[in-house]
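The data below hold one chain only, encoded as structure tokens and taken in the form predicted alone.
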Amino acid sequence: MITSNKRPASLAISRWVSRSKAAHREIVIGWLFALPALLMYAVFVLLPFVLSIRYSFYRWNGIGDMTWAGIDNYRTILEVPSLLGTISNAFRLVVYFSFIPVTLGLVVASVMQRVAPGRLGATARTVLFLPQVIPLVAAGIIWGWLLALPGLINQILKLVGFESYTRAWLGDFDWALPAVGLIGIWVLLGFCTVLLWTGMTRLDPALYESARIDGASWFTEFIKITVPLLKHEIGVCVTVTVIAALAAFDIVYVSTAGGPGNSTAVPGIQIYILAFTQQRIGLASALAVMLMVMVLVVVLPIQRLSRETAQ
């Protein structure tokens, strides 16, 4: 009897040890697969991030000796209007890069789902998504031609009798930033529309049928059903587009290079000028750190609100 009781116990222990070894082996194999990606992330993301924070407390031209500056670089950013103005321009771009594409995307996706759910809707989504696969540099060059004084936009205005409104849109102090924002709307509208339309396809059609039986209009369905049930997708769209606005570089650099004056200068452009044109690595690093903090301060509450809504 004693022997028969010990055998099941020893067999159970043996199985537990075997499962533990197998689980340990799977964990080790998993980490080995992840190791190359972790090394790349550490070298190309974490290391530059730590070095940027370090450089932001020094005066350095990138070649010679570094001089300790404390928080002087941060103080300079807050005191020099041209540097502080870049942060203001970035937040103004949020309206064009985020608020308008997300709002328009909601409306366009809702209309497409209701009016053209079949092949016509798929074609419309493909056309709207096309700017996402075009390099942003090419998009900036194309829109630079369209918005130039002899460009297509001004030719259309002349054709419909609004010649007095024609101008070099990207060279106008008042209209350069909205013109850059228009390019951002064109690029990001397709992404928002496709993502929101995909979210709409998972909504229960019975909700809309019940609303229509009760006499609800399209606008009532949109406000009472579509928008509340798409808060998670809206949160993703807002997060992506806000980051695109605050960290904008390529579209602005190709279309205006931050001009005229500093009317379209954003932190990304200013960091490039300070680091590679003026060799002020410490000041550029301080502005980069402030940009990262700014993105986190804006994006983290959006992410938290989106997760709470989804739950």
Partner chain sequence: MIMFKKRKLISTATMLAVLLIAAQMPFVAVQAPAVMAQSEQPSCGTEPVTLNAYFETGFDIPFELADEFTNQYPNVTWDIKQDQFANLINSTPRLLSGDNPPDLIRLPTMVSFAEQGLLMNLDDYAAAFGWDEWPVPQLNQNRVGEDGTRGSGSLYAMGLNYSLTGIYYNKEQAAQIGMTEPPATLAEFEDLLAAAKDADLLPIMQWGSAKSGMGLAFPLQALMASVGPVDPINDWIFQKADATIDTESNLVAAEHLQQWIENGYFPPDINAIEYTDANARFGQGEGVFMFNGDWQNASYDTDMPGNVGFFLMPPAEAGGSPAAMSAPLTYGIAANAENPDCAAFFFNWVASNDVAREINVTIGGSNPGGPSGLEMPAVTEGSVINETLAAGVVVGEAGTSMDFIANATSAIFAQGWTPELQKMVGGRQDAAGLLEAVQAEYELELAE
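Residue numbers count along the first chain shown, from 1. All values reported here derive from a predicted model rather than from experimental measurement.
Quick note: we don't show the form predicted in complex with its partner chain, though the next part is all about it.
- Proximity of Ser110, Phe129 and Trp218 to its partner chain in the predicted complex is absent: no residue of the three has a non-hydrogen atom within 4.5 angstroms.
- Checked against its partner chain in the predicted complex, the candidates Leu47, Met66, Leu38, Ala257 yield a single residue with a heavy atom inside 4.5 Å, and that residue is Ala257.
- Between the options Val95, Leu84, Ala168, Leu120, the residue in contact with its partner chain in the predicted complex by a heavy atom within 4.5 angstroms is Ala168.
- Using a 4.5 Å cutoff between non-hydrogen atoms, Ser285 does not count as a contact of its partner chain in the predicted complex.
- Mapping the unseen interface onto this chain, Phe162 falls outside it, with no heavy atom inside 4.5 Å of its partner chain in the predicted complex.
- In the predicted complex, at least one heavy atom of Ile273 sits within 4.5 Å of its partner chain.
- Contact annotation for Ser52: none of its heavy atoms lies within 4.5 Å of its partner chain in the predicted complex.
- Figure note: of the listed segments 55 to 63, 238 to 246, 39 to 47, 22 to 30, the one touching its partner chain in the predicted complex, with heavy atoms no more than 4.5 Å away, is 55 to 63.
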